[in-house]
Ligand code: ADP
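Here you get one chain, nothing else, as C-alpha cells; it is the form predicted on its own.
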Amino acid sequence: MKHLSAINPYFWKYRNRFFIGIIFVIGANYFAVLAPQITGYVVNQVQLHLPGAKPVASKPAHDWLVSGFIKWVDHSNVDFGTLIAICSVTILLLAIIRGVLMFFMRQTIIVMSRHIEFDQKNAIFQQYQKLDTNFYKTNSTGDLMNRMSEDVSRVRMYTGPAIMYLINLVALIGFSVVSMLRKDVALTIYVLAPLPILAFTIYLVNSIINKKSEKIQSLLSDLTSNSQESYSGIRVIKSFVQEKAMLGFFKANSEAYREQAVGLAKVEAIYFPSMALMIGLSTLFTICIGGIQALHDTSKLGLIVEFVIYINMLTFPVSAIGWTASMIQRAAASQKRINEFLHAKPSIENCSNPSGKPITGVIDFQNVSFTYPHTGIKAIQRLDLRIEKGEKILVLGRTGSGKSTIAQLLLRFYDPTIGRICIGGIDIKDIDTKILREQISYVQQDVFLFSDTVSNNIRFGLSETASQEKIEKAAQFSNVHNEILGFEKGYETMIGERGVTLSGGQKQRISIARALIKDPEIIVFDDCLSAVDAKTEYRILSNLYTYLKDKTAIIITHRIFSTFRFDKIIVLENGSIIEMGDHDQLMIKNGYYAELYRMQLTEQEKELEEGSAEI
C-alpha cells in the first residue's frame, strides 16, 4: 500500500470532486437505510390489523427522519389502505433520491479517476522523455508501453471504483450496524458474527493476490515486448520464414501469462463463495433467532423483516470487499512498477546554472574517453580533437571504431567517462541541453521517420509553423524534392510506420531535409548516404557544399567522398585517432586512408567500365 501514496497529490489536486463525491456516497447510503425502517413499521402495522393482535408495549427506535415521518402518519389518522400507499410512495421516493445521489457519486469520483489517469499518463510520458539514451537501451519498448497503459489503467481502478466502493462499504455498514444495534443488540451480534471470519479470509487471500499480480504484470510486459518486436520486424520474420518459430515463442510467453492469470482467477474465486456463505449464515441466524423471539413476541416480526433487508443490503458491499481489495492490491503492484520509472533519475541533466547563450566557436574534445555503461565496451580512448568554427570534418573508420559515439557525445546523449568536450571554451555540461541540441542537427545512421505526412516529417526538424517554402527548399538541398512531387499526394503523402512505404535512399534524404530545415550552427551526418547511388550522392554533396559554407559540419562515414573538400580528415581505430590531416597529407602518409581511397577509386573505375560495356 505504501506505493499508492504516490497518488495522494492527485487526490489533493481534485479534492473538490473527491470530497463532494464522499458526501454523495454517504448521502446515498443514508437514504438506503431508511427504507428498511419504514418497511418494518409497515409490517408492524399489518400485524396490528390481524385478528388477535396485541398492542405493542414499546416502540422500536428509529432514525430521526423516520421517527418524524411515523409521527406525522400516526397523527394524520388515515385509514389502513392510505397508510400502506403513503409508505409505499415514501419508499419509492427514498429509492429515487438514492439513485440520484448515486449518479452524482459516480460523476464525481469516477470522473476524478479519469482525470487522474490522464495526468498520470502525461507525467509518465514526460518522465520517459527526460530519461537518457542508456535507459532506453536497457529497457524494452513493450515494457515501457505496458507500464503506461495497463499499469495506469489498474491504478485508475483504485482511484475510481475501489475508492468509491470502499467508502460505500464503510458508510452502508456503519449506518446499517448503528440502526441494527438501536433495535436489538443481541440479535445484531449474532447476525454479524460471521463477518470477522470473512475479514480474516480476505487478509489471507489478499497476500496471495498481491504476489500473483506483480508476476502477471511482469509477464504481460514480456508479452507486449514480444508482440511489439514481431510487428516491427515482420519483414525480417517473413524473409527468413520464421513465422512458426515466432508463433512458438509468443505461445510460450502467452502460456506463462495464462497460467498465472488463471491461478489468480482461482484465488479470487474463493472470495465470492466465502461471501455468499457468510451472508447466508447471517440471514439464517436472523431468521432462526428472530423467529424464536417472534414466537414469544409477535411485535418482533417487523424487526425480523427489517434485519433481513439489512443483511441483503449488505450482500453487495460485503461481497465487494474481495473485489475492492483485489483492485487495491493490483493497483499497488502496478504503481510499484510505475514508481520504478518515475523515480528513475536521468544520468544526463542540466547543471544548477546552465549557460543559455547560443553555442558557437571551436569544438574541443580534450582527452576524452568513454565506455558504454550497459556493455562495458570502450568506444573512445583518450581522444584529443579540435574543430575550428566553420570547418568541414570527415570521420572515417571501420565498424565499431567509435565514429557514431563522437556524435552522441557531442549531442550529450552520454557524458564522457574521462575528459571533457567544450564548445567556444564552455564545457557542454554547463550548456543548457535544450539549447545545445537545438543548435546541432544530427542525421542518424538508423533513420527514423514518423507515421505522418512527408511535409510533417521534414517540418519536425524546425517547428509546426515552418512554411511550405522552407520545407521544399530543404528537400531540394537533399535532392528528394522531385521524387516527393512524384508521389500521388506530393508532400501530403502519408509515410507508413518508420517510413516503411519509402525506399532506403528516400528515407535517408528526407531525414537529411529534416536536419537542414533546422538551419543549425553545427550539423552532424552519421553515415546517412549509405542507401543512395553514386549519382544521387554527388548531387547531395554538391548541394551540401553550398549549404554548409559557413557552418561547422562533421560527416561520419566508412567511405571517402572525393568530390567534397574537407578541412580535416580523421581516421579512427579502436576509439583512437590513427591518422589526421587533409587529403593530400594523408595520401603522402600512405596509410589506411590512402589504401581505402585507392580501393574505392578502383571500384569506381570498374563500375564505369561495366557501364560502358553495357552501352
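Just count from 1 along the sequence shown to find any residue number. None of these values were measured; they are calculated from a predicted model.
What comes next is about the form predicted in complex with this ligand, which is not displayed.
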query: Based on heavy atom distances of at most 4.5 Å to this ligand in the predicted complex, which listed stretch, 381-389, 467-475, 86-94, 403-411, is the contact stretch?
result: 403-411
field: Contact label in the predicted complex: Phe316 to this ligand, heavy atom within 4.5 Å
entry: no
- prompt: If you check in the predicted complex, is Arg398 within 4.5 Å of this ligand, heavy atoms only?
  reply: yes
- prompt: Is there a non-hydrogen atom of Gln445 within 4.5 angstroms of a non-hydrogen atom of this ligand in the predicted complex?
  reply: yes
query: Any of the heavy atoms of Thr375 lying within 4.5 Å of this ligand in the predicted complex?
result: yes
statement: Partner-free chain; cross-checking this ligand in the predicted complex, the single residue of Lys137, Lys244, Lys238, Lys251 with a heavy atom within 4.5 Å is Lys137
